[in-house]
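In structure tokens, the next block holds one chain alone, the form predicted on its own.
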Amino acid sequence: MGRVARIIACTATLVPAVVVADGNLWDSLQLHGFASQAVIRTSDNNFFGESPKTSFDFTEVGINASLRPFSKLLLSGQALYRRAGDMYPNTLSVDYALADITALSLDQGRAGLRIGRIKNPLGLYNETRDMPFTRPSIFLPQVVYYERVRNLVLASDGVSVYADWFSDFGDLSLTLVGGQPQIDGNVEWSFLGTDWPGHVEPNETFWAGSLWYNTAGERVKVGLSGATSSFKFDPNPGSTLKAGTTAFDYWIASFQYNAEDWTFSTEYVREPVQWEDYGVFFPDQKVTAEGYYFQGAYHIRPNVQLLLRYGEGFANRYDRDGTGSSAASGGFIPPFSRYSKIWTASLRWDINRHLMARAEYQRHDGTFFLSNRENPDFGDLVREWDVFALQLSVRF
């Protein structure tokens, strides 16, 4: 957060000169916000809190602002309070905070630069995943958008360059981001299995990028996006886990078709992960996680939408039933903890332009996407389980 503030402060030195040029600075100021509260009940397993007992631990409150002191400079940011079970208990953070400088603007396209905390351009939903009104359902497809490492892929502190080309045959958009990732305790729980004595920290620059093609009116949207980085573990003295590194890539292929009353979306993710130098208690290894989903949304009425989705995710695409991982652990890790197969039905009701209600049901086979932080004991996991959720959201 301090790093972002310094970057924005440097950029903000442009504002006085700009104000003299354009005059009415505050006329461009926009303030918006949202709040949402969900109630979650699962038949088994913890998901956003102690959900078998009914959880109210999924709360989001955001305030965002934007200011355009000059036609080629936009300053924007959002503060977010978020509670999501044991993964993110009562966290207040800067969701994004950036200066967007348009370097070139023509009828055929534009190009620019963003500096600050920047949302990573990953898949159809990562850049808008914190707004309940822009998510396709209460929960994003967990086999592609891993909630347990949300902060790691959400945003980077650094610099982004972007370019858009417009034509009668469609539009092309290219975005590249380089910066510092947000590393928190969930990264250690997800990639190293538990909370070891010590801490994790970035090991190298986080790189992300995307290339999108949209037909006229965005009826068809096709994209390829990805990220690559690594982090290192700094152990406390006497720790059984040695100082090691984890490198990962995260690639998403996306397709969306928008008709008048319905939308079809599908995405495929592949994530190679490599662990090195952690010692005998965590041998060097390399696996490739994989996931995909198919999703259809239909407007029953202009303000009522039904969504159906099926997705599958695997911790290792070469061991999809999990039997190899289970055998390697001596049976300690159950096979079903290495995959997830999920059916989802979700209903959205826009009561008015400011108020939205949702209801959602999920049927699960497997527990791959669940957080180890919320479910630390493999022996308590249940293979087949259900999720029931309600959410009420407001915006202004």
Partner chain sequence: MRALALAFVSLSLVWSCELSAQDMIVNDGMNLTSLSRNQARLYFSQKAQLWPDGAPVRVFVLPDEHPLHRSFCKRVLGLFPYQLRRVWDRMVFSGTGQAPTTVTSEKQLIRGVATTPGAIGYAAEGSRHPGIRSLEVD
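Residue numbers count along the first chain shown, from 1. Bear in mind the structure is a predicted one, so any value in this text is a computation, not a measurement.
Keep in mind that the form predicted in complex with the partner chain is not shown, yet the notes after this line are about it.
Scanning 323, 91, 288, 105 against the partner chain in the predicted bound form with a 4.5 Å heavy atom cut-off leaves one residue, 105. For the options 309, 72, 232, 148, the one in contact with the partner chain in the predicted bound form, meaning a heavy atom within 4.5 Å, is 72.
At least one heavy atom of residue 64 is located within 4.5 Å of the partner chain in the predicted bound form. In the predicted bound form, the partner chain sits beyond 4.5 Å of every heavy atom of residue 319. The shortest heavy atom separation between residue 339 and the partner chain in the predicted bound form exceeds 4.5 Å.
The partner chain is not drawn, but in the predicted bound form it has a heavy atom within 4.5 Å of residue 166. Per the 4.5 Å heavy atom criterion, the partner chain in the predicted bound form is contacted by stretch 217 to 225, the sole one of 192 to 200, 217 to 225, 242 to 250, 276 to 284. Contact annotation for 253 to 267: residues with any non-hydrogen atom within 4.5 angstroms of the partner chain in the predicted bound form are 256, 258, 259, 260, 262, 263, listed in sequence order.
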